Structure formats: C-alpha cells, structure tokens
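Next comes just one chain, in structure tokens: the form predicted on its own.
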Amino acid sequence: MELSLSTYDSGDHTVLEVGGEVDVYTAPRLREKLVELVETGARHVVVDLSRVEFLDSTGLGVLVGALKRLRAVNGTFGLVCAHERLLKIFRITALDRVFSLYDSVAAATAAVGSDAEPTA
C-alpha cells in the first residue's frame, strides 16, 4: 500500500494527514515532509494517523525525530491516533508517555501549544 500525505493549516497549527502504511519503505517520505514543515516555519504540528493502516518501528523513529526537531525550536507536536491497533503500539513501546496522543484533530489543535491534557 502506498503512503499518502497532505497538509492543511488549522489556526496556528499545521496538520499533516497520513494514510496508508508507514514502514521501512515509506517512512523516508514521511521524514522528508516533517523536516520540510519545520524548515518552512511550522511550529505547532499535528500528525493525523487516522487513516494509517500499518506503522512499524521505522515509522515510530520518524515520529520521535519530528518531536525532537520541534522541541529544539520550541515547537509542539501532537498525534491523532484513535484506532486501538495503533494505540497498542504506542503503549507497548511506552511512547504513549512521550507523545501527546489525541482522538481527533479538533482535540489536538485545541490542546497542542496549550496546557490541555491529551484525550487518547
């Protein structure tokens, strides 16, 4: 399956919608897009994983890298992840304690960059 990436702005936030499979073959495209967003000035990024069918360790590494990159420029990073199959991956790897996880883009954009608590 292919990887689809699309972005849009929601207030001060840049939302990156990801669809398909994020694996060793497609993760470099995701990494490039996230680096591009930060380099062009995005500081509050929300990655919507709602349409992701599969996420492997390479994809997790890309997300960790994006989080670090945004923290280095005093930015914020949130993930929309409401599907149990993906949430389980974040729990098993303890990355649910590292990332701010939300059940919708609306919840993420309301909270990312504020003091609100994650909802997922």
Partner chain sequence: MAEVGTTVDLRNRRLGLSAGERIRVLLIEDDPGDAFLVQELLAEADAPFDVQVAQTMREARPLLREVHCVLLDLGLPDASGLDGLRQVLQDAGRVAVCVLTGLEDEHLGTAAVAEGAQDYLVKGTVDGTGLSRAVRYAVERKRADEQARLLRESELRQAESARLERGLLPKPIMAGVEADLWSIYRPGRDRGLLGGDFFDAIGADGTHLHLLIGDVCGHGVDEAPLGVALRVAWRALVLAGVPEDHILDSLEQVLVSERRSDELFATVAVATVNLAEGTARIRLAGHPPPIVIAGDRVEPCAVRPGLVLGVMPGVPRPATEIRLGDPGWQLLLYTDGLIEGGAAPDAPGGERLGIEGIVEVLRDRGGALPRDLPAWLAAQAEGHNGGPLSDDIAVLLLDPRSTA
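Residue numbers count along the first chain shown, from 1. Small disclaimer: the values here were computed from a predicted structure and weren't measured.
Unshown form predicted in complex with the partner chain; subsequent notes refer to it.
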Point to revise | Contact label in the model of the complex: residue 51 to the partner chain, heavy atom within 4.5 Å | key: no
Practice item. Report whether the minimum heavy atom distance between residue 75 and the partner chain in the model of the complex is within 4.5 Å. Key: no
Check your understanding: Quick one: does residue 31 come within 4.5 Å of the partner chain in the model of the complex, counting heavy atoms only?
Key -> yes
Point to revise | residue 81 within 4.5 Å of the partner chain in the model of the complex, heavy atoms | key: no
Revision key, fill the gap. Contact check, 83-110 vs the partner chain in the model of the complex, heavy atom within 4.5 Å, ordered by sequence, gives 85, 88, 91, 92, 93, 94, 95, 97, 98
